[in-house]
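Given as C-alpha cells, the chain that follows is alone and in the form predicted on its own.
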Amino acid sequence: MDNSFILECSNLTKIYRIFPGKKIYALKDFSINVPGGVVFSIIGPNGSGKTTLFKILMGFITRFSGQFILRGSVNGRNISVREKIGFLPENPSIYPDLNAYESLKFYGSFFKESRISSKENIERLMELVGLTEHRNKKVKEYSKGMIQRLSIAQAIINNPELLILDELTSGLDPFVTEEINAIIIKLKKEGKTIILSSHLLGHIQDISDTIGILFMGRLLKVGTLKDITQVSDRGIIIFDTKGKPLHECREVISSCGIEIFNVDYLTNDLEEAFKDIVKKEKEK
C-alpha cells in the first residue's frame, strides 16, 4: 500500500449471471490509484459500471473479485475508515416534510460524535451550500438544485476525508451546475478527496484533476484533461530554424537535425475525445 493514495483499486470485477452460460461484466479489471486532495471524475454512458463501482466501494455490493484498499483498509472492512466517507447517490432520499435544518439534524444523529449534529456544524453546512436563507422551508418546496445542495450537506455532515458523488449534476440547469461546481472546489480546498461520476462532460472538465473513461465495465483511459483530449497524430513542434525561411522548414527538419525545444498537441474538446475513445472500443 502507498500512503499517498487514499484509494487503490486492483482488478475489481463484478459479474452478473443472467442465465446459465451467459454473464455480463458490470465491472472488469478496474484498477486505479487515487491520491488524496484531488477531484477524480469518471465519465461513461449509462450502464458503463459507474454506480456498480461506487456500490462496491461503499460496501453495498460485497460479492466481487479483485480488491480495493481504502485509507489502508482492505475492501473497506474497517468501520472507523467508513466513518470518514461521505456518499451521495444518484437519487438521494430526503424527507419532504422536514426543513433543511431538521434534515441535517436528523442525519447527524446517526453518528456517535455529538459535534456532528450540533447547531454549529449544521449552520456551517447550510452556509457552505447556500441554504441558510432557506433553512425553514420544507424540502417539498425545494427546487431540484436546492435538494442537491442539501444532499451534499448531508453527505459531508461527518466531515469525511473522501466524498463519493454519483451523477451529481444530473438534470440540473447550467447555472445550478456552476454553483455545485463552486461547492466542489471549496471542498477540495479543504483537503477532501472527491470521486464523482457524470455524463455531463462540461461539468467534469471544469473541476477535475484526473478523468477516467469507463465503458462496458472497463476503464479505457485515465489522465488529465489534456491527456484525454490530445490528438496524438497531429501536433505543434516548436523548433529553431537556424536562420532558414519558414517555407523551407520541411527540408530543414528532414536534413539538418534541428533541435526541438517543445512539442505540444492539438486537442479535441472533452466530448469529442470521449466519443472517439468509446467508438474505437466498440470497433474492436
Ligand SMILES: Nc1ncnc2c1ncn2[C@@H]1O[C@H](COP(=O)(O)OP(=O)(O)OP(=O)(O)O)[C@@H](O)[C@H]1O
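Since the model is a prediction, treat every value here as computed from it, not as a measurement. Residue positions are given as counts along the sequence shown, with the first one as 1. We call the rigid core the largest set of C-alpha positions that still match within 1.5 Å between the two forms.
Another form exists, predicted in complex with the named molecule; not displayed. Remarks below refer to it.
*Asks:* Does residue 255 make contact with the named molecule in the model of the complex, using a 4.5 Å heavy atom cut-off?
*Replies:* Looking in the model of the complex, residue contacts with the named molecule do not include residue 255, since no heavy atom lies within 4.5 Å.
*Asks:* I'd like to know if residue 62 sits close to the named molecule in the model of the complex, meaning any non-hydrogen atom pair within 4.5 angstroms.
*Replies:* Contact with the named molecule, no.
*Asks:* Is there a heavy atom of residue 90 lying 4.5 Å or less from a heavy atom of the named molecule in the model of the complex?
*Replies:* Yes, residue 90 sits close enough to the named molecule in the model of the complex that at least one of its heavy atoms falls within 4.5 Å.
*Asks:* Although the partner isn't part of this model, could you tell me whether residue 52 comes within 4.5 Å of the named molecule in the model of the complex, counting any heavy atom of the residue?
*Replies:* Contact check for residue 52: yes, within 4.5 Å of the named molecule in the model of the complex.
*Asks:* So, a 4.5 angstroms cut-off on heavy atom distances: do all three of 175, 177 and 207 pass it with respect to the named molecule in the model of the complex?
*Replies:* So, no: the whole triplet misses the named molecule.
*Asks:* Pick from 26, 220, 69, 32: which has a non-hydrogen atom within 4.5 Å of the named molecule in the model of the complex?
*Replies:* It is 26 that has a heavy atom within 4.5 Å of the partner.
*Asks:* Note which of 137, 199, 84, 115 lies within 4.5 Å of the named molecule in the model of the complex, where distance is taken over heavy atoms; exactly one does.
*Replies:* Residue within 4.5 Å of the partner: 199.
*Asks:* So which residues in 137 to 169, when you check the named molecule in the model of the complex, have a heavy atom no farther than 4.5 Å from it?
*Replies:* Only a single residue, 167, comes within 4.5 Å of the partner.
*Asks:* Using the rigid core as the reference frame, would you say residue 170 shifts its C-alpha by 2 Å or more between the shown form and the other one?
*Replies:* Moves: yes, 2 Å or greater.
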